[in-house]
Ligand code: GDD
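Before any questions on how it binds or moves, here is one chain, the form predicted on its own, in structure tokens.
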């Protein structure tokens, strides 16, 4: 079985992290987001993956090449212009077999894709869509089904009063027959959700009721939720065995003797931790981070090469690669600091603040370039 992973979008909701790197390559617990999807697919026997790429394409290639995925062949098809979900798959048509998977590349999931494929074969469908329940269905398009899980309609982001019983959303995991691509004009921006699926008859398109973990990684809030879920072991990953054994993943050579560590945490190689600092629960430190003395971190994600001066406090925030945080600064909950940005000493970054890549934050009232 083949899979096409759609990874060409700009990831605007995850800015400023995605201002300098494609969303699928953004580190999630020190590995590119997309690596978790590749591992998940490999666990279901998928060894042939076509990556549909566009925005900052070279960054995604580099991230996947660095991670390495033994036994999995990854090929790349690059869009010269945005083609939409269906247009992107049409653009990759030359590489595709008679049946294949299509997946959104910004999802963290443990859905049983093998069972979805089996249902697809049993029904003789041309398209099978995995559906999942969510807490707030008004933020998504809903999929309405009838007898035997035949798909009957698509409802775009309904008002709360219009949400039907047992609402389910499109999980972005499709099993498709190759002849579906005949419905798509080449080199045109087309969407499966609007331009293809609504034109299939009800005996050609089915829903698969998916169970298991599923999370859209499109916002900083969900990114942080995914981080906590991985550290809690809610989804099996490269972390699972080590977390079960020790409650923490600290790479060899990192000296933690002078500070307090509260599990679960993940600390990559090359990190230097100052005396009397506290690395609190759900914190993740990427390769080569430098933490000064008397720092307080709680639910903090520091990507590779970050530097924190003495006495810095970071709570429930994301600090992008190579960012520099001055001594005594306070980074409040929900903040996201872009790659290479600088926060001045004793500055207070307010809650939910976004500091662009390369910018300099000098005081609580704003950002100066």
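Keep in mind that this is a model prediction, so the values were computed, not measured. Numbering follows the first chain given and starts at 1.
Separately, the form predicted together with the named molecule exists; it is not shown, and the next lines address it.
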Output flag, 223, 307 and 360 jointly within 4.5 Å of the named molecule in the predicted bound form, heavy atom basis: no
Position in contact with the named molecule when the complex is considered in the predicted bound form, options 277, 104, 283, 109, heavy atoms within 4.5 Å: 104
Residue (of 133, 247, 270, 141) lying close to the named molecule in the predicted bound form, criterion heavy atoms within 4.5 Å: 141
Option from 233-241, 205-213, 163-171, 179-187 whose residues, in the predicted bound form, bring a heavy atom within 4.5 Å of the named molecule: 163-171
Any non-hydrogen atom of residue 84 within 4.5 angstroms of the named molecule in the predicted bound form: yes
Exercise: residue 79 in contact with the named molecule in the predicted bound form, heavy atom 4.5 Å: yes
Touches the named molecule in the predicted bound form: residue 335 (any heavy atom, 4.5 Å): no
Close approach of residue 193 to the named molecule in the predicted bound form, 4.5 Å, heavy atom: yes
Interface residues of 223-252 toward the named molecule, as seen in the predicted bound form [heavy atoms, 4.5 Å]: none
